[in-house]
Ligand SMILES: CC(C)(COP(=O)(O)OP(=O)(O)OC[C@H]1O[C@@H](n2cnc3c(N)ncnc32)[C@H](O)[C@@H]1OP(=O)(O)O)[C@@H](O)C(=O)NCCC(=O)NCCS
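As a starting point, one isolated chain is supplied in structure tokens, in the form predicted alone.
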């Protein structure tokens, strides 16, 4: 086996974090194969490696544990067809497209609430400042349309209290960030955001919708299930840290 064949460099992550980050692409690896890949990456100066593994493959899970992998996420992909879409929330919430210069402290706080279940928050190798900066950057890059096509918001008394980012990729719509301010949860705004996203996708004649979330984020999983989504795939997501380096 050639380790390089299974390694994908991650330049954005590396630039953002200030050290080399890579991802392993096979979902299944044995302990010796995984160890060979990691040993080579450590020699090359890589500091952090991500691995999305097959949770049903016992050998891969054993390999991750044997190589000091930190299980930080059960990455869950939900999908649904747009055909036959029926709104799942009352039409009492008006959604609006956010201007590209709409960044505010309110959105920064919402970004941090969205990031509470993220693997970067759960991995104690990252300082709070690091994962918070990551989610604020993600939010900013969505608002300026670098990684999203549109940002739909719900306001209360002029303030943004809920948000969803959407993107069209070929015939599939993608939901990125979705969050409701903690002061407005339990009022159906999550369903209203999903409905708004679905209408946005229908207007562009897309055929299906995809969203990635964390299995630990049970409120989000229950929301998508209630809106007709089904689980398409699950990955056990591990972080491997170079043992010669300190936390960040």
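Positions refer to the first chain, counted from 1. Please read all numbers here as calculations on a predicted model, not as lab measurements.
Below: the form predicted together with the named molecule, not depicted.
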Exercise for the section: Flag residue 219 as yes or no: does it have a non-hydrogen atom within 4.5 angstroms of any non-hydrogen atom of the named molecule in the predicted complex? Expected result: yes
Handout entry: Contact of residue 137 with the named molecule in the predicted complex (heavy atom, 4.5 Å)
Key = no
Practice task
Evaluate residue 189 for contact with the named molecule in the predicted complex, applying a 4.5 angstroms cut-off between non-hydrogen atoms, and reply yes or no.
Solution key: yes
Practice task
Determine whether any heavy atom of residue 66 comes within 4.5 Å of a heavy atom of the named molecule in the predicted complex, and answer yes or no.
Solution key: no
Problem - Location of the named molecule contact in the predicted complex, chosen stretch of 50 to 58, 195 to 203, 210 to 218, 35 to 43 [non-hydrogen atom, 4.5 Å] - result: 210 to 218
Fill in the blank from the handout: Of 122, 114, 168, 160, the only residue with a heavy atom within 4.5 Å of the named molecule in the predicted complex is 114
Fill in the blank from the handout: Heavy atom within 4.5 Å of the named molecule in the predicted complex, from candidates 25, 234, 226, 230, belongs to 226
Handout entry: Stretch 157 to 180: residues contacting the named molecule in the predicted complex, 4.5 Å heavy atom cut-off
Key = 178, 179, 180
